[in-house]
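So this first bit is one chain, no partners, the form predicted on its own, shown in structure tokens.
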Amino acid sequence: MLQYFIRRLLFAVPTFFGCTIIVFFIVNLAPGGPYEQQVQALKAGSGFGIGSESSAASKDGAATIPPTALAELKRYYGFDKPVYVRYLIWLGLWPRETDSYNVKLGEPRNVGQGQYVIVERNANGSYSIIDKDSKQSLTGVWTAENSVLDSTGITQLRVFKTEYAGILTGHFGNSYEYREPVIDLIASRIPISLQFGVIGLVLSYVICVYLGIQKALRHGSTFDLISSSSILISYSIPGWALGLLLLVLLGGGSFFDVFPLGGLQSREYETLSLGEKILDRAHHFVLPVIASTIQSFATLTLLMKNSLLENLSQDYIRTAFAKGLKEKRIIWLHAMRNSVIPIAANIGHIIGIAFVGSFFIETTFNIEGIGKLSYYAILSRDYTVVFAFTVIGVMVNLFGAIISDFVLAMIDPRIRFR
């Protein structure tokens, strides 16, 4: 079995890179990226218009954006490089430029922290970089390049540092929208989504397994018919629509003021004791948990019921009854172990859903979770957040599948992975 899971982990590597390649290329080739948005913002905010030539003013009197500025902006966002190079930079397998400054030959340039550098041209055409004060060579630290700015044909001498920083080194970059490290942004949202996601996961399994067992034992009864109708109706209602309905009915206004309209906690949350904080958080989580788990009730409940009914009709169950074993022992010890196998097979997928959150539920109840963050990142073309969420989603699904296999092997002794 150990060899099987080692192979699964090895197969997960090309799957991971394949998924990231597809998402990376699609997102980068889609229009409306951060570069285009920044250009539009400059036009709207400063009255800029983009002309084919660099000039002080356009025909209508509005200032134009110089082509050199556009080229610098494209370089800042990395769009001056081919898409495959940008992918390697994102992985951390290609050096990325940091701390870039435009310089002039022989003139001191402030590069931060009170340090000034001077770029000189060597006889062979290369460049050397020295510290203004100590006169020490900084060529190994800084790199000088006389590059052509995009398609303008204009050359610009600049100095910059390089480093290997990407997802493989734990560097996800900074968000274009929030102007802060992506890893910090996601780390602050994941616990929020996990809280009601895990609570909903546990409650749905506990309730659905027990309800499915009772439905199987009372198959064809009035209880079975009423419960089947109820869960099928709930399955047909989207979670966000049910959430809106619950907010209208129970969130105050014209009806009952039982639960808050949204959020995770009350305004005076920090002043509460530990017990009061738990109760306050639970009070805010009631409606989101109901809305996020209601659709899974039908699937899990009917799956549990049908699986138990199938096992109760097997020969080994009839043999157990013929031997005089107690009904409870037969059901809970013999039939249940085989009946939960289909439920266990899906646990990895459900864990992934609980981990990554739900945009619709988080938006409906104004919860700042990772699902809402990722959705708005897609709308705003916040590439760094989108790619980070892709990495998390792919890894969660890959490991979720492995967890499902492991749980199956633990429950069913007939399964032997080789």
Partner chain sequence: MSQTSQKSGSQSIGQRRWKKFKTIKRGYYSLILLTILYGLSFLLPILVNDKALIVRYNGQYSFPAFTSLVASFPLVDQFVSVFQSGESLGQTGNPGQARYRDLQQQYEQENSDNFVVMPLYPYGPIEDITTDGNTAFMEPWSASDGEGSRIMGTDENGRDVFARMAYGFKVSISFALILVFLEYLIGIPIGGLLGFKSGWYDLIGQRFIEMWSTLPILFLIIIVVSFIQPSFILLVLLLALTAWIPITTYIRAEFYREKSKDYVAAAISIGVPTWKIMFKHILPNSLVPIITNFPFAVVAGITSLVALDFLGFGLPPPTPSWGQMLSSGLQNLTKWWLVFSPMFALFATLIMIVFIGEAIREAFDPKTFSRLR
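Residue numbers count along the first chain shown, from 1. What you see is a predicted model, and the numbers here were worked out from it, not measured in a lab.
We do not show the form predicted in complex with its partner chain, though everything after this point is about it.
- Only one of the listed residues (Asp133, Glu120, Asp257, Glu327) places a non-hydrogen atom within 4.5 angstroms of its partner chain in the model of the complex, and that residue is Glu327.
- With the partner omitted here, the residue from Val85, Leu93, Ile207, Leu249 that has a non-hydrogen atom within 4.5 angstroms of its partner chain in the model of the complex is Leu249.
- At a distance threshold of 4.5 angstroms between non-hydrogen atoms, Ser236 is in contact with its partner chain in the model of the complex.
- Residue contact with its partner chain in the model of the complex: Leu312 places a heavy atom within 4.5 Å of it.
- Proximity of Ser404 to its partner chain in the model of the complex falls outside the 4.5 Å heavy atom cutoff.
- In the model of the complex, none of the heavy atoms of Leu157 sits within 4.5 Å of a heavy atom of its partner chain.
- Heavy atoms within 4.5 Å of its partner chain in the model of the complex are found in one stretch of 134-142, 108-116, 226-234, 284-292, which is 226-234.
- Shown without its partner, the chain has no residue in segment 175-197 with a non-hydrogen atom within 4.5 angstroms of its partner chain in the model of the complex.
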